[in-house]
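What follows is a single chain, given as structure tokens, in the form predicted on its own.
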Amino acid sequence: MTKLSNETIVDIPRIFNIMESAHRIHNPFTPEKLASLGVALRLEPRDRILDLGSGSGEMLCTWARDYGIGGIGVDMSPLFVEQAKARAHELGVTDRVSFVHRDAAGYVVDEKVDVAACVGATWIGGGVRGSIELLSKSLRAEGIILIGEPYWLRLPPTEDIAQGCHAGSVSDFLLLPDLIASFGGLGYDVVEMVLANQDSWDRYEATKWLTMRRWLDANPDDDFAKEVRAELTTAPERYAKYAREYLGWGVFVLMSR
């Protein structure tokens, strides 16, 4: 693991580094969905983007390639940050995007950006409200905020079902109309959105299973193998039974009123 200058070791839990090591996009979006979001934003070459929880950098790298934007990504995973840097090199955009390994909580840029994003990592700000407040500190006037967040397709009838969707409780997420209304309550217009569908959810979740199986085959004596085996044994059925039926996800494009 990488050490920061203050000697604090920063990383995400090992299970996620293993499960998602083959992912380029660490949320329920396909490359086509990510491209649709870029089109929806009407990006221009002068635009600069801050991405908190940038994962393997696919959003910044492909948008830099396709639209000529610049930006910076911040992520806690040393593995994902290295993958992001490699992707930037692969796509020839290292002169336009950069990636920083650190905890994104409290991260604010000196030069205001046109788009500030937290796509699937609102725990960085302690939830949606806190993440929006954090992103707004790096945003120029009339800039755009991107929030990627789960929502209930329908309310789970029990707390057990909610927990099967990796929620702490039913109250952790909102139904889609309520989530959209909550942005208004925070003083923001929802000016665009791109939502995951069942296929993009399937690709996100099922890709983890083959990755875990191959990791287990290659690392049978690793002390962590028992935990990975337990996750692989339960994850497919749990996803089919719970999250696939109850959980949605989308990226919401916000502008301050």
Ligand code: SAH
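Every value quoted in this text rests on a predicted model; they were computed, and no experiment measured them. Numbering starts at 1 and runs along the sequence shown.
Omitted from view is the form predicted in complex with the ligand, to which the following refers.
Of the candidate stretches 126-134, 179-187, 77-85, 165-173, only 77-85 has residues with heavy atoms within 4.5 Å of the ligand in the predicted bound form. This chain is drawn without the ligand; in the predicted bound form, the residue among Ala104, Ile72, Val93, Ile144 with a heavy atom within 4.5 Å of it is Ala104. Contact annotation for His26: at least one heavy atom lies within 4.5 Å of the ligand in the predicted bound form.
Under a 4.5 angstroms non-hydrogen atom cutoff, the ligand in the predicted bound form has Gly120 among its neighbouring residues.
With a 4.5 Å cutoff on heavy atoms, Ala235 does not count as touching the ligand in the predicted bound form; it lies far away. Using a 4.5 angstroms threshold between heavy atoms, Ile12 counts as touching the ligand in the predicted bound form. Counting a residue when any of its non-hydrogen atoms is within 4.5 Å of the ligand in the predicted bound form, the hits in 33-57 run Gly53, Ser54, Gly55.
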